[in-house]
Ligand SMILES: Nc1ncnc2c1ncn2[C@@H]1O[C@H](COP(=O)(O)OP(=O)(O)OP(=O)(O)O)[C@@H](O)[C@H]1O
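Below sits a lone chain in structure tokens, taken as the form predicted on its own.
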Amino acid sequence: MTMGITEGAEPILELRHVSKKFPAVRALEDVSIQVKGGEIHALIGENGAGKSTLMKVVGGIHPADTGEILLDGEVLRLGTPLDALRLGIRTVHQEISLAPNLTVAENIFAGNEPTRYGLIDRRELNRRALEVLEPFKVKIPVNSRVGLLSTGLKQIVEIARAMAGSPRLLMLDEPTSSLERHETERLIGILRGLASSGIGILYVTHKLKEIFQLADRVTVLRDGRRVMVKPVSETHPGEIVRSMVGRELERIYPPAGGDIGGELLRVEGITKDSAFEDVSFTLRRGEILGFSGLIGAGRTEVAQSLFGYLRKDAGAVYLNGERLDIRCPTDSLNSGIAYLPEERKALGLYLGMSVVDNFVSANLRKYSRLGILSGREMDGACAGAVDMFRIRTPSIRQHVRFLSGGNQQKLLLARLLALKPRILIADEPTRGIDVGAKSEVHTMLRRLCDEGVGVIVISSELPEVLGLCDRILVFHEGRISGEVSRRAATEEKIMHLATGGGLSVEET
């Protein structure tokens, strides 16, 4: 823990009996919370519990319906996010909000660029950006366009942009969801330093381990209400989980499946210039095959080439012994290969469309007769999926943008599974979702395997890789550096391979 709260410290942020309601959803109800100077205060709860809404209320995005918000003892009147920024409230949202066509430096200092003779001083801009990024100890070219960066590096830039504003209160929503373990540990050190300087930090996470590594106190929300607030030293993971879900969670990872079948997919020497080289592996029926490695190691690029997002330069892919010619995602879908993308909002969902429209969008032909869509069939199929996958929504007409992250993920997974794929590639399938939703997604993936489907899981969370996968391929600099069985896998072995080391035959 940080132990950063000074004796008798006054609250920097205080919410008093705050409520917020949206159409058909009460997001917050009578919530009170304090964040003190020098404190890292963790906020946790299932998806839809109200965490993001609370941050948006404090950040000036949504006005509270009732209650008060105080900063340094003064009641705030927040009309816009700009009001919050002027008061020193900085927010890092879970979804990347950078401008992809601007450089790293331009994103970090957007709206506050140094000028000279009325023009942006590029040299000073880049110098300041390097200064802000220096504590992260990661090489990011500050004059490169953000759109060219990996998701993990974008997340670092997002956090750096908030820190550049010298915040009084810093709110972070799942800031480590796209970071590797060493990047997470570096960020934890930076946040501890910031807290020791006296600022308050509200830290939203679904990772229990981070709470006990980092936070001084923890508040749990459930269904929009505060159900627990305690010093971290006076609680334990089991109590937090019970408070979150209102029940005991027996196990996050389902038990390993039964017998794994024969070869389903064979990949031979596929190569994509500057992304990956000479990648070969097999996937068997009923198997969950894990892709692990550091960000930028080529895991996602290999998956995208299998699905047709990227055209490989060399190599071959075989499904059930027959060579595939994958030129686009449609070719992959027609072959029975489905892909769950890492960035569900950017690549997976139509946020302005309803739940039912999203669910049927991948297979409209199934619900049409003589070219006319059957609303009754679409509604019936979607309602069945909502029930089966326990998707929390007030209606199948609800726009997807109003669903929580976990429910968005379950909807996307339901849509893909309705296609009855032979192979599912799941890229960061539980990124940014709570422990209860994670358990449900893991169970769905294992159930698929029990039906003979082959599953590839790409994950930056080592506990997920170790707890879920039957075999693990570790990538390093665009190549497979090693393979480890479920029985022999440990975090140390995977990190050793991910950083370019090797293992003996006995260790695999």
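All of these numbers come straight from a predicted model, not from anything done at the bench. The first residue of the shown sequence is 1; numbering continues from there.
The same protein also exists as the form predicted together with the named molecule; that form is not shown, yet it is the one meant from here on.
Undergrad: Could you tell me which one of Ala84, Leu403, Val386, Met163 places a heavy atom within 4.5 Å of the named molecule in the predicted complex?
TA: None of the others qualify; the residue that does is Leu403.
Undergrad: Counting non-hydrogen atoms within 4.5 angstroms of the named molecule in the predicted complex, say which of Thr176, Gln398, Thr151, Ser332 makes the cut.
TA: Of the listed residues, the single hit is Gln398.
Undergrad: In the predicted complex, does every one of Phe22, Ala49 and Thr53 come within 4.5 Å of the named molecule, counting any heavy atom?
TA: Spot residues vs the named molecule: full contact, yes.
Undergrad: Which among 229-237, 357-365, 374-382, 405-413 is in contact with the named molecule in the predicted complex, heavy atoms within 4.5 angstroms?
TA: Heavy-atom contact with the partner occurs in 405-413.
Undergrad: Does any part of Thr103 reach within 4.5 Å of the named molecule in the predicted complex? Heavy atoms only, please.
TA: Outside the cut-off, so no.
Undergrad: With a cut-off of 4.5 Å between heavy atoms, is Val35 one of the residues that contacts the named molecule in the predicted complex?
TA: It does not: once the named molecule is placed as it appears in the predicted complex, Val35 has no heavy atom within 4.5 Å of it.
Undergrad: Please check if His206 has a heavy atom lying within 4.5 Å of any heavy atom of the named molecule in the predicted complex.
TA: His206: contacts the named molecule in the predicted complex.
Undergrad: Does at least one non-hydrogen atom of Ala27 fall within 4.5 angstroms of the named molecule in the predicted complex?
TA: Residue-level check for Ala27: yes, a contact with the named molecule.
Undergrad: Give, in sequence order, every residue of 62-94 that has a heavy atom within 4.5 Å of the named molecule in the predicted complex, or say none if there are no such residues.
TA: Residues within 4.5 Å: His62, Gln94.
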